[in-house]
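Next up: a single chain in structure tokens, the form predicted alone.
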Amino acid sequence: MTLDRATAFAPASVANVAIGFDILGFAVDALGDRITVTRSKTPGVRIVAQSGIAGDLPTDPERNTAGRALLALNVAAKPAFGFDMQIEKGIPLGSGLGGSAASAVGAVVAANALLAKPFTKLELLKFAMQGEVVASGSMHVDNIAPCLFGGLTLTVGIDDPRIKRIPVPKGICAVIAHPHMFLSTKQARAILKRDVSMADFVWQTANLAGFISGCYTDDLDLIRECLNDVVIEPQRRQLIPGFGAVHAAAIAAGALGCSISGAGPTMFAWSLAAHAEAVRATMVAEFARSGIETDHWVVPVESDGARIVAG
């Protein structure tokens, strides 16, 4: 029996995870978008309502991340009905928490529940990727993959992406601090250099390999040593007031590592549960010293990803 209406919850996400630019990410279930899709007698895709915290978003599906993703699914599915979509934003745009990815993922997950022959998650990933082009001007999946699959994910490839969920050692939490400011992904990508020195390339590659190895072998010392971005973070830290003080305070409080969530300005840290509250308190305090209020959470890194919450 197929549904006539479905609501999907799509979680926020932390992209890059410091050392995996455009290829690593993990889901953050503490907040997310809710997308409701209803069958319509009129063919095509329509955005019929928008609510939540993101303000005015384009209602033209071609210019909306959720709309563009659902258009891609509609072309592939060729259903005998149309899709009416309601978007409830729970993730601030320009926060570095994957707000555009969550809308795209939620749209295709909800619509998929209405199809007699649903698509696979990998197929849904490719549809959602079309939405990211609207938001950032490029096709990348480091927010989409964890949002859709849950947990810590590694994505290899764009045209034919391969998704691998990476195990996270027990006892590790993520601390998220979202400063109340807007930073566009396009702006944060525009400042990046197009060339990387050989020394930094080798260092960053070693850190990525060491971090993933540490996750598989429960080697916390290796994770602590390798959760260090020497390529992207040094260029983007200037965009976040108080970054240096927040980073130093988190490490001093016991964090395994601390860096920028996605394009920023949100920052994240990995910590053992015993230190997580201290890490959160000190990150929040340092942002406050720069005159910036924050939303903040301590969350598990493991999660279920996007899912249907109402039919």
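All figures in this text were calculated on a predicted structure; none of them were measured in a lab. Start at 1 with the first residue shown and count on from there.
There is also a form predicted in complex with L-homoserine (HSE); it is not shown, and the following applies to it.
Novice: So which stretch, 272-280, 241-249, 258-266, 60-68, is the one near L-homoserine (HSE) in the predicted bound form (non-hydrogen atoms, 4.5 Å)?
Specialist: Going by heavy atoms within 4.5 Å, the stretch is 258-266.
Novice: Even though L-homoserine (HSE) is not shown here, does it sit in the predicted bound form so that 89, 95 and 178 each have a heavy atom within 4.5 Å?
Specialist: Heavy-atom distance to L-homoserine (HSE) in the predicted bound form: none of the three under 4.5 Å.
Novice: Taking L-homoserine (HSE) as it sits in the predicted bound form, is residue 185 in contact with it (heavy atom to heavy atom, 4.5 Å or less)?
Specialist: Taking the distances in the predicted bound form, the answer for residue 185 is yes, it comes within 4.5 Å of L-homoserine (HSE).
Novice: Within a 4.5 Å heavy atom cut-off, is residue 22 in contact with L-homoserine (HSE) in the predicted bound form?
Specialist: Answer yes; at least one heavy atom of residue 22 falls within 4.5 Å of L-homoserine (HSE) in the predicted bound form.
Novice: Look up in the predicted bound form whether residue 126 has a non-hydrogen atom within 4.5 angstroms of L-homoserine (HSE), and give yes or no.
Specialist: Because no heavy atom of residue 126 falls inside 4.5 Å of L-homoserine (HSE) in the predicted bound form, the answer is no.
Novice: Is residue 15 close enough to touch L-homoserine (HSE) in the predicted bound form, meaning at least one heavy atom pair within 4.5 Å?
Specialist: Within the cut-off, so yes.
Novice: Could you work out which of 165, 121, 189, 224 is the residue within 4.5 angstroms of L-homoserine (HSE) in the predicted bound form, going by heavy atoms?
Specialist: Of the listed residues, the single hit is 189.
Novice: Mind listing which residues of 213-247 have a heavy atom within 4.5 Å of L-homoserine (HSE) in the predicted bound form?
Specialist: Only 236 sits within 4.5 Å of the partner.
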